[in-house]
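Only one chain is shown below, in structure tokens, and it's the form predicted on its own.
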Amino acid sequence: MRRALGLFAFIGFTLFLIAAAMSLRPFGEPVHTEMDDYFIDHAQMEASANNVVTSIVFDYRGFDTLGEATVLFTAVAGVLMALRRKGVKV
């Protein structure tokens, strides 16, 4: 009984994965492209940057990038504090 239940769960999960894979959108075809077109058309004029990616990271999403850098710095500082050796003077 337990083996049949495991086999039934395995088949159900496999069918779910196949259905999920079949419903995926083809790679490289996004649903909404309005924002992409806006950034490409207006990035140089609004942000004065020749590189669109740079203007998005630092101008349009500057505070978000600052928050991500703060989280990363805090994580590195926490790991260094957790792995430090006590009694070793540098």
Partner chain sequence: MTTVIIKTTTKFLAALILTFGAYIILHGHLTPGGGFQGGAVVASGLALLIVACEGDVIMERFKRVPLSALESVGALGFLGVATLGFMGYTFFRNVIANSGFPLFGDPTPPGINPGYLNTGGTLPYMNIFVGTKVLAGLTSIILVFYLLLEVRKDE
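Positions refer to the first chain, counted from 1. On a predicted model such as this, the values are computed, not experimentally measured, just so you know.
If you look for the form predicted in complex with the partner chain, you will not find it shown, but the lines that follow are about it.
A.B. asks: Report whether all of Q44, G62 and L66 sit within 4.5 Å of the partner chain in the predicted complex, measuring from non-hydrogen atoms.
C.D. replies: Yes, because Q44, G62 and L66 each have a heavy atom that approaches the partner chain to within 4.5 Å in the predicted complex.
A.B. asks: Given that the partner is absent here, does V79 sit within 4.5 Å of the partner chain in the predicted complex, heavy atoms only?
C.D. replies: Yes - in the predicted complex, heavy atoms of V79 and the partner chain come within 4.5 Å of each other.
A.B. asks: Does the 4.5 Å heavy atom contact test between F10 and the partner chain in the predicted complex come out positive?
C.D. replies: It does not: once the partner chain is placed as it appears in the predicted complex, F10 has no heavy atom within 4.5 Å of it.
A.B. asks: Does any heavy atom of T33 come within 4.5 Å of a heavy atom of the partner chain in the predicted complex?
C.D. replies: T33: no, not in contact with the partner chain in the predicted complex.
A.B. asks: So, in the predicted complex, is R3 in contact with the partner chain at a 4.5 angstroms heavy atom limit?
C.D. replies: Heavy-atom contact with the partner chain at 4.5 Å: absent for R3.
A.B. asks: Within 40-61, which residues have a heavy atom closer than or equal to 4.5 Å from the partner chain in the predicted complex?
C.D. replies: Q44, M45, E46, A47, S48, A49, N50, N51, T54, S55, F58, D59, in sequence order.
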